[in-house]
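Listed next as structure tokens: two forms of one protein chain, kept apart as structure 1 and structure 2.
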Structure 1
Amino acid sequence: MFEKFLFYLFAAVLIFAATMVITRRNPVHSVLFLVLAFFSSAGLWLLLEAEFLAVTLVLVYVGAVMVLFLFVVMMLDIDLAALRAGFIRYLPVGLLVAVGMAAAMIMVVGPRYFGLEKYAAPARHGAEYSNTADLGTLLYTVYVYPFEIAAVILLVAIIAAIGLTLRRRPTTKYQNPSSQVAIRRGDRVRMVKMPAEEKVPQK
């Protein structure tokens, strides 16, 4: 009973937050609502006893990816009028894409393939059940090749992204931290001993 209440609570918050993400004018608010959406979907995953996925969702998306999003969005100079300018012009294209995506999603997860009578509710496990261990075993035995291929693709993407954005400008001056650290007092300062100035004899 309590579980059901939690499910509907998280689901309601998730739908509310997702709607706000696409309707808020201010991008920072949108990003914050997206954080809320991730958070409530993590709650839904916890109800599924998928604690590893839930915690990783919070850790990776909320803790790292959305922080970067916020970082970028806060830097932007947001011109609300410009954002709204092309709304009517692009509306037909947007609608077309939306309808296409909705149709594709209904075809995949529509009521024909989805529902309690098609899939039985997963069995409840005890408190000592570790979803993390199960997931790890599956990933590194049954799905080891897809897993490795995905990892390699990600690596290639990282290298490509860095390669595309990295440019060395000849005018940029670089520091060499190891030589900065290795500096000794004698390299910068020379202690000089000088005799005190002698008093000029008065006439």
Structure 2
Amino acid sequence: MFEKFLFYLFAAVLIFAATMVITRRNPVHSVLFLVLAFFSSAGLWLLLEAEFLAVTLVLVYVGAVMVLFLFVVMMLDIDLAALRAGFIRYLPVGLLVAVGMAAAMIMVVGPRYFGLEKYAAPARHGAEYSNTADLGTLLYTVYVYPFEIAAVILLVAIIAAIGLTLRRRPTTKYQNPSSQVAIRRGDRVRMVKMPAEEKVPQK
């Protein structure tokens, strides 16, 4: 009974935070509500006995990605008036998409096709059980080929992103470390010998 109460509590907080993310006019507030949504999702993962995924969600997304997003949003000069105008303009389309997504989710995970009546609850594990070791064993044995394919796809995406954003401008000055290391003293310093000047006696 208490577990069900926690599930509905985390689910309600998650839905509320997700709604606030897309309805807040201040981007900083949206990012903070997104952090709350991640914490609620981590709570749901804990109820499913997926402690590794919950801790990873908090450490990676809340501790790194969302902090980066928050700093980027705070440093950018965002025109809030334009955001508000765009929100009102695309509100009907957004509501239509939201209704369609909700209908699709109800059809897939509704009580007719999903629930404890269709799928039994996961078995409880003892204190010595480690889902981190179990997840690693599955990734590197049963799902090793999909894991490697996903890694290659991510590598290609990183290379493509670097290639698309790399801009070489002719006016930009670049340093060549190899030429700097191979430089000689004669190329930079020139010794000039000049005769000493005699002081002119003052009259």
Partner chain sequence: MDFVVALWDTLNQDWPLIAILIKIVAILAPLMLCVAYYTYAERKIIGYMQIRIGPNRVGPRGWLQPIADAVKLMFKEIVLPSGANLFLFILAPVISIATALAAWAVFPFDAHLVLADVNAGLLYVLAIASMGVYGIIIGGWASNSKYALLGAMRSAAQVVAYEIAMGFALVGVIVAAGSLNLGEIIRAQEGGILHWFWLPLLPLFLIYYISGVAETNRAPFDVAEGESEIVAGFHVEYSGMLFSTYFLAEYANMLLISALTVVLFFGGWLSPFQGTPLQDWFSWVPGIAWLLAKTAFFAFTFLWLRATFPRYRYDQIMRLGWKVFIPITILWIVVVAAAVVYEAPMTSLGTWVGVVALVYLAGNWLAGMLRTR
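Numbers follow structure 1, counted from its first residue as 1. Since this is a predicted model, take the numbers as computed values, not measurements. Basically, rigid core = biggest C-alpha set you can superpose within 1.5 Å across the two forms.
The chain appears twice here, and it is structure 1 that represents the form predicted together with its partner chain. In a rigid-core overlay of the protein, residue 25 has its C-alpha displaced by under 2 Å between the two structures. Here residue 136 does not count as shifted, since its C-alpha moves by less than 2 Å between the two structures after the core is aligned. Residue 177 shows a C-alpha shift of 2 Å or greater between the two structures [criterion: core-superposed Cα displacement of 2 Å]. Core-superposed comparison between the two structures: residue 192 shows a Cα shift of 20.3 Å. On a core-based overlay, residue 100 has a Cα shift of 4.3 Å between the two structures.
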